[in-house]
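We give structure tokens for two forms of one protein chain below, kept apart as structure 1 and structure 2.
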Structure 1
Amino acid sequence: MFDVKLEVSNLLASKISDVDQQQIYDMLETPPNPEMGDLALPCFKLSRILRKPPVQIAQDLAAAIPENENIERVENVSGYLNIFLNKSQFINKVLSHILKAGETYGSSDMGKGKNIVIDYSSPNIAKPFHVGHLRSTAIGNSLYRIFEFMGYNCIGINYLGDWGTQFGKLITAYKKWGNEQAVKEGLIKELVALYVKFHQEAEKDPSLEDEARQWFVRLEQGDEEARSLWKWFIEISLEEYQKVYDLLDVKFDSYNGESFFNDKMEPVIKELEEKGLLKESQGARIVDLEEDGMPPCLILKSDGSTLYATRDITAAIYRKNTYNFDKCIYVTGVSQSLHFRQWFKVIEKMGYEWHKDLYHVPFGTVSIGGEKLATRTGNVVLLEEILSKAIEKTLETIELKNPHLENKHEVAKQMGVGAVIFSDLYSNRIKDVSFSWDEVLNFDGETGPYVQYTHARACSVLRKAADAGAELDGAFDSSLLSSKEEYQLVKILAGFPDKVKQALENLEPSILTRYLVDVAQDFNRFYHEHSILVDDEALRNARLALVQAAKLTLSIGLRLIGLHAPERV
């Protein structure tokens, strides 16, 4: 793969003693103004190593750089070595590489033979799939696609919240106020209504909490009625969740939830005991983390029942033994950061070297009008409702602008759902989000539909060219792409592999999402400033090669963040 930074860093490293090529590669920057060059080497860090003033280092390097097919000229400016590339050579190498690589452009085999476990989405059974679940689902799905694109074998796990005292509450509510027909008709909405009613009534009659605890104990002990109702609630929930996953085009390799580990915790508790890590505290069993600057990690309550940490430790050991992962990634809200730090530390204290391969990928909180999402109070916005409204709005736009579009309902789904996912992935994942219908349904500006429309525009140009008899064989004369808009578009396309790698290393899909907006903007500037299907065959072929490269990059990038790339809109 052609990497101009690699070529330049190799050349510079050969002229500088005591500094290796990777150090130079990492120092190279893209100047904020194209008039300052295509790449720049700040010589300030080198000053400490070489014991020379930065200005002197830049001057020496400028004089030492020989004539080179990749570099047009170099300039030293105030301690910076500004590098101007040979535009024609650069364009030729970048476009040739993209067109040859096709759908594999930007991919790698860096993950060959390595397993990545990604734990994401993980809704609580019998609770609605609301806007708050979108973040974990969208981020996890994108990371799965990015890692897979880079050669890793990915295992996506939907760690369902299918166990806990909430089931005692739900069974109590169903027995008191529910009926089979109402649940069959209302499905998860009816289950949520019963759950909300339980909390309302429990405020007036606290004895309901005791009744709920008793039902959960019966569930834990294998009571036939409790088990039957629990399984039924799971079936209803999964059926409802699947509708959303189908809309989002999200898949999982495992649905092993919390209940899967019920019979696997005892050996882990015994191991903690044998390794001298368990201590008693007010009747409970804990792992003391005071020396690590954290509160104790609670393993067993005073009544002997297990907790989230017990299950997470057990699940991590099971996943390591089952999948032998290179990394195990957990995509959950930032509010759980302490919980993950605690049990990651317990894994380390147990003597497992792979504790360093556990990663928590936190994301900011989601609120509605500044209020926290809460199922028990009914303060939620259902994700299926959001997706349906986004699809409906997209279809209205299509009916207005292109009513004869083939497969318009499918395109409306791809773009409506894409708008919701893109909106969620556009900001840095750690940023808090306040849900707004206006923002989610605003398709103007830096949005998913804007990028998808740009891809469709590129496809339209290529179709028209093919219909006119143009040969899209990738042959082109790079010297004809001489405008600043053409060069800028090539430059940003060249950066795609680096952006994919950055997104992977930082576990941050927004790097790719924002990059795609930049590509779309640069493509549209080129499209508006220059006619593509011109009479001059050589110029037309050169510009069509650029369109093909942009179309490919947009298509791959959209796929990596979980969006479709429609060819007609």
Structure 2
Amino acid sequence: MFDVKLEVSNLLASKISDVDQQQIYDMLETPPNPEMGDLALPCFKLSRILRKPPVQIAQDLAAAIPENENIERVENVSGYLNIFLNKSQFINKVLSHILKAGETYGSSDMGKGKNIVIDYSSPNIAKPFHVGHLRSTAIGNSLYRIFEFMGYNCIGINYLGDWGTQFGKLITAYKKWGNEQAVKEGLIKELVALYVKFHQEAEKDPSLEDEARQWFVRLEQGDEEARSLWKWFIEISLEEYQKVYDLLDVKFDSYNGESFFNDKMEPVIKELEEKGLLKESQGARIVDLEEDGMPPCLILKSDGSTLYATRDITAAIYRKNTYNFDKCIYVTGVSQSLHFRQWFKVIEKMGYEWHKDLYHVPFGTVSIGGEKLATRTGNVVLLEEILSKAIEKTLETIELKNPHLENKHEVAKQMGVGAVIFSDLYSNRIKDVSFSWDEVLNFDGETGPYVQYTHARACSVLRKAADAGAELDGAFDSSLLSSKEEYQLVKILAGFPDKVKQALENLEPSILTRYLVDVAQDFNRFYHEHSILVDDEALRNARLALVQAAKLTLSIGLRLIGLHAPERV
């Protein structure tokens, strides 16, 4: 991809002494208003270096910059050097590049040979998959696609919550009040009911807790009955999760959950011991983090059993050994931030240089009606329910607007699910979200369906053009795209590669989500103002090239945030 800023900064640097090209490059910015130019150099910082007033610098530069291939003219306005690009040249370069790059537009090989581990979704077995899990799943999946697009080899891990004392409770409850038939019919719903009943009964009869503990001990010791029930619960849960993953079009490369590390923690504890990091405190074994300004990291309970930090440390070491990752990314709620800071620090204290490659990607908390989500109190909305309602609503719209659409059920699925994912990835991930049916089912404005519709609209025009025998052979006269709507659309399309990079660097898919809305808006303005399929063949071809470039960018971008881009909706 050619880089105008690079070319312009080179030219400017050659006119300014004592400042190198990179500095100029970093100073160049986009003016707030297109009438002020395409690029601007604020000259205030240069003022100190050159010991001249900013206005003077801008003036001198304006006089020193000759017209050339790239630059149409420059102006100095109160200390800013405003640069107007040669529009036709710019449009030509951008569109040629996009059309040539095709499906690879915006991609790179920066990650070649590097492995990225992404830990996301990670639901707790025997618990329903609700809105809260969507965030981790959607963000993780998008990061996976973005890194892959940039040449990295990604390993998606669903770190299932498939171990812990809750299984003792579940087995106890099942033995007491459950039966095979009811679980086979009710699936997770029945498991949750058993779990809830356990807690209700345990309030009256505390001996149930002992019984649960015993069952968990039997499970740990490999008791056959306990293990087969445990495996069965996992099986049931995974089957249900898989339905959701299929709908979301999300995949994993590994399902190694917590239980996978049961037999791998002991050497790690030994290692911590040998490195002198373990300390005894109130009967438990901890890594003291006082000098790091954090509470201690608990490694072993006073009864000698392990904790989640133990498991996470073990898993990280295992992943480093197995995948030799360049980065290992954990997509979990912000409430776990301290936990991650703590055990990342423990990895550092163990002497592992790669502690700096561990990233916690936190996201804000989901609530419903001001209350926290809680399986036990029933304050949850199941993701499946949301998805099916969204799909249903989309289907209604299709029946209304385009009843003869061939694969309407497939399209309704892609748009309905897309709407849900899109709204989840729309704002910065750190923001708390309050779930509301009205918002999730509102498809107007800055939404997935809006972007998908825009993409389909572009496809439709291209289809019509192809039917009429127009050929898109890459040749077009960029000087014919002279309106401000056309230029604006080209400019936003040119920014795509940088947006992908930003999303990757900030581990923030919302950067792309919002970018797509901007593209769709600019496309629709252009579409509204100008006829594309005009009689003038040269003009038609130029506009078709622009439509094709926009269509490509939209479809690639949608894919990167985990959405489909149907050609007809």
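Predicted model, so just to flag it, every value in this text is computed and none were measured. Residue 1 is the first residue of structure 1, and the numbers go on in sequence order from there. Think of the rigid core as the biggest set of C-alphas that the two forms share within 1.5 Å after superposition.
Chemist: Quick one: identify the form predicted in complex with the RNA, either 1 or 2.
Modeler: It is the second structure (the form predicted in complex with the RNA) rather than the first.
Chemist: Rigid-part split between the two structures: do S96 and K356 share a side?
Modeler: Yes, the superpositions place S96 and K356 in one part.
Chemist: Once the larger parts are superposed on C-alpha atoms, what angle in degrees does the smaller rigid part turn through between the two structures?
Modeler: About the hinge, the smaller body moves through 8 degrees.
Chemist: After superposing on the rigid core, what is the C-alpha displacement of F44 between the two structures, in Å?
Modeler: The alpha-carbon displacement, core-superposed, is 2.8 Å.
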